[in-house]
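The chain that follows stands alone, in the form predicted on its own, written as structure tokens.
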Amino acid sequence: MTGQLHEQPKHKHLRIVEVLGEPLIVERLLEIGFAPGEEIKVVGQMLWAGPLIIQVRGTTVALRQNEARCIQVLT
């Protein structure tokens, strides 16, 4: 089953299925490692529905909500 990254709980390991959305956002996400097939982990979220904290390829990255909505993951 697939879902959007921003809907996933903390501390869950996920696999990226697809990155969709505005071309500039998709390009940026692909450049920093959010490519189909990559395993990621939701580490946490900043206060007041702020950015999600994600681990990808051994790096911790903060993603805005609109960026996280572009990433489809296996749940």
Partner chain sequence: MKQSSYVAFVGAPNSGKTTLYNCLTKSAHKTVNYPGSTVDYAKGKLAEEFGQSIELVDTPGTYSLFPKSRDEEVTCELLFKQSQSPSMVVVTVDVTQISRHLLMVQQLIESNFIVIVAVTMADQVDPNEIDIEPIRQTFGVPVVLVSSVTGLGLEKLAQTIIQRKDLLPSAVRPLTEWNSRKYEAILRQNKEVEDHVFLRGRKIKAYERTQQLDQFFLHPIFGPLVFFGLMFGLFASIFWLAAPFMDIVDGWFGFLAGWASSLAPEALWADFLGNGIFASMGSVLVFVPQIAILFLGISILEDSGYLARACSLIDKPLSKLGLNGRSFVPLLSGYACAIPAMMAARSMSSKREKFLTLFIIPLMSCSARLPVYALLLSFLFWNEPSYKPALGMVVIYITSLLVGSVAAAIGNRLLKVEETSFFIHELPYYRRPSLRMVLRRMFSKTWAYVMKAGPVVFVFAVLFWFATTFPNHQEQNEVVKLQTSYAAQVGKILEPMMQPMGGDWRTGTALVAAFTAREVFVSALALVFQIADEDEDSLQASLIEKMKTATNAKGDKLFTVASVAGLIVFFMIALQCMTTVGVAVKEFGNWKWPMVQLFTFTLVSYMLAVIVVQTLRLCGVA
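Numbering follows the first chain given and starts at 1. The structure displayed is predicted, hence computed values, not measured ones.
What follows is about the form predicted together with its partner chain, which we do not show.
Its partner chain in the model of the complex is not approached by residue 42, whose heavy atoms all lie more than 4.5 angstroms from it. Shown alone here, residue 63 lies within 4.5 Å of its partner chain in the model of the complex, counting heavy atoms only.
Under a 4.5 angstroms non-hydrogen atom cutoff, its partner chain in the model of the complex has residue 58 among its neighbouring residues. Contact residues in stretch 24-50 (any heavy atom within 4.5 Å of its partner chain, taken in the model of the complex) are 24, 25, 27, 28, 29, 30, 31, 32, 33, 35, 36, 37, 38, 46, 47, 48, 49, 50.
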